[in-house]
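Quick setup: the structure tokens below cover two forms of a single protein chain, split into structure 1 and structure 2.
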Structure 1
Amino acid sequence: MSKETQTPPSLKIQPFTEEPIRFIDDEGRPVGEGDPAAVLGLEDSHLLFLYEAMVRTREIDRMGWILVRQGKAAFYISIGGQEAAHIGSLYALDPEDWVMPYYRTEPSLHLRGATLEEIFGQILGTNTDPSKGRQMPGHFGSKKARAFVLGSTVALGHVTAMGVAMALKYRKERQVVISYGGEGSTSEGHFHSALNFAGVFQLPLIVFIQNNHYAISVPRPRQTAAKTLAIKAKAYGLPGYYVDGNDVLAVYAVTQTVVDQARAGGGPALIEALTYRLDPHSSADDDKRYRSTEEVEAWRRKDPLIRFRKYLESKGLWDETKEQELRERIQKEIENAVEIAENAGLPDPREMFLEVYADAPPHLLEEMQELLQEIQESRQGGK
């Protein structure tokens, strides 16, 4: 869905605010004067597109959990509750821009052109996975989507994205890079190295931190005494923005602002999106050991999908009939994509040795032949 790429100059978005920037409250009511969509130059079609993208992301996420429970996927990390932070920020990018995901980003990358078959192929490790099963679930990458393959080391993506931003500046290209991470990534050296280097060289890098309150089981107050995470940008000479991560319009507006600045040569920025993960850290986590049911339910009432739906309803753009039609259509899309991904079969064992280098070196080819020989002998022994 095309849109104007320039943030209206009348929009006042300031760095280092003490409270998160928000345009609609928990009940979907505009904050301040005027309709935020009009201020942002978003038409009704853009608003409906954003909502559908968030719902599709939530339903992809739900199917990820189902596949684990069915024993078809070994592991899953949820995006549930953080859809607005991902969709709002990704929507502010141009197709030519680059994305360094983190493990919760995968379900939202349909917005960048990743197909549902590719996403579920990655979760299942089948042939529809662009990486051919080389990575564990949650580590999606695609050239078509301009999304790099995530490395499992926490915050490593920030440094990798910084390197990409350096290459873009060296080549005098107009693209920007956005790097995603949780608030736990700000406790790692990679985060600080990336910001320091980006600040010194004024790189087109946006580090987007999703503060969902817990780095697995460690609460945010045990990670830093800083009042916000955005304020950490001051030490590196770049602006830091604190935004309500459950407000898709505010996330879009803030990200669009820093994207425009970076593209124009204005340098990097840090965004902290205050949000909450509604599910356990992963399918291997028991979140009841470190947070209360009451806390989760309080944040569930701030669900970004519910908030934005109420906003659309107040504008006369949405109702229950449209909701049911959308859910049914998306569910059919997802069920069809899962079937295709499952039936695609497992990648050939040779795939783990190929595409690592442009031309596979002799030692990798030798290891590949050894593995294929072992597989053949194992199959013959089983007869």
Structure 2
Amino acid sequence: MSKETQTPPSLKIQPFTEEPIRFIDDEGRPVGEGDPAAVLGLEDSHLLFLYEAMVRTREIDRMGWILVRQGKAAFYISIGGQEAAHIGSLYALDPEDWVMPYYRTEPSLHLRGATLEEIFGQILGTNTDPSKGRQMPGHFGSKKARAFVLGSTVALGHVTAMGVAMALKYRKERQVVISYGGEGSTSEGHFHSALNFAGVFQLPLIVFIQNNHYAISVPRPRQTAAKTLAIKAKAYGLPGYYVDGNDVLAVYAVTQTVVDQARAGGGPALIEALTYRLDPHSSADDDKRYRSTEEVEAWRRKDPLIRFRKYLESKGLWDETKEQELRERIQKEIENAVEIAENAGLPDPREMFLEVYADAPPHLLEEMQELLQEIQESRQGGK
């Protein structure tokens, strides 16, 4: 993930547009003047890197679903369809920057240096999970990757990310923090506290909203009467950007713009990326109850991977052979990682009593002994 990109000074990205900002259309054709890569100062190697990262994200996601079907994972919550919105924005960060993920972010965090064994360890709840199998699938975090560990409460991450941004400002760091959430997260008070404080204290915070049209079954218009989510930034005195979340180049361009601004002391921003969740909300959902197959199929044709691939093909950078090679290579990586994660085994039951506090207090050590005795007796009981 070495990248020395910055938005070229000539690039002017405007907040509060009526229509989402896009650089390539649904068919991968450039929108506007010139080749988007040139406009953005991206070389061919950068473009190929972005595509590979999206494909890897998609393949991790597919394996997540397979593990549920095989009964190895109890649950899965997918990123499918939202790869461009994640990868394009993560790509705009430096390794030193901080990420507040939400539950769909997990597969994309390989871009931050999280290993696939770690990611699948999290999904399977085994010992290769940096958080020791303590949380449900979808709750990946890793200090090494500068990704915080989310809880399940929607929007909670936004407000703590704001505090992180305050620390960065206080310490005069050049880092920024990006906080992810769905459009549903904009309805919670946490979102509003985050934007309000970030505006007042001019913090290096980017709140990145993945507007995938639904919060489980609840459609976007049930979250807000506002025309866009981006517009909400206005009331807090920040810029709000509305971007086509299935256009990885546009997502990158917008995020890089606000990251550069925040790094330069220009304060926070809100980004709304318009995208679509292609799969049910999670492995526990039945999306036929609230949306039509036709609607989903129409969005499948706007798949961010297909779209970017077409763009690469039009530039002569990609073809079917390369595609096959890449998919096979990634498949192997993933199968290997799953095997390592599975073989790492479940955490030791004693682990449960540790890290509740910095030092385990006597009552927890006593409970640990009680459990160990219980386990021993049930073994002796012939089970």
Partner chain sequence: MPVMTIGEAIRDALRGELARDDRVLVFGEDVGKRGGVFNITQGLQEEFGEERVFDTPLDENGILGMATGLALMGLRPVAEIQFIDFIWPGFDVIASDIAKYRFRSGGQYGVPLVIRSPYGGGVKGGLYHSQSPEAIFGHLSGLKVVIPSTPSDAKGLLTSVIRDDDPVIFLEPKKIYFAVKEEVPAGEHTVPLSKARIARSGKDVTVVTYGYMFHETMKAVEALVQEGIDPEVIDLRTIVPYDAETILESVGKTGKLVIVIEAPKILSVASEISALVAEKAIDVLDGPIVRVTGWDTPFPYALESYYMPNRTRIIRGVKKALSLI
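Here, a residue number simply tells you its place in the sequence of structure 1, counted from 1. Given the structure is predicted, the values throughout are model-derived calculations rather than measurements. Here the rigid core means the biggest group of C-alpha atoms that line up within 1.5 Å when the two forms are laid on top of each other.
- In this pair, the copy labelled structure 2 belongs to the form predicted in complex with the partner chain.
- Hinge assignment between the two structures, with options A344, L312, V159, G113: the rigid parts meet at A344.
- The chain behaves as two rigid units between the two structures, and the smaller unit swings by 8° against the larger after C-alpha superposition.
- Fit the two forms on the rigid core and the C-alpha of M368 turns out 3.2 Å off between the two structures.
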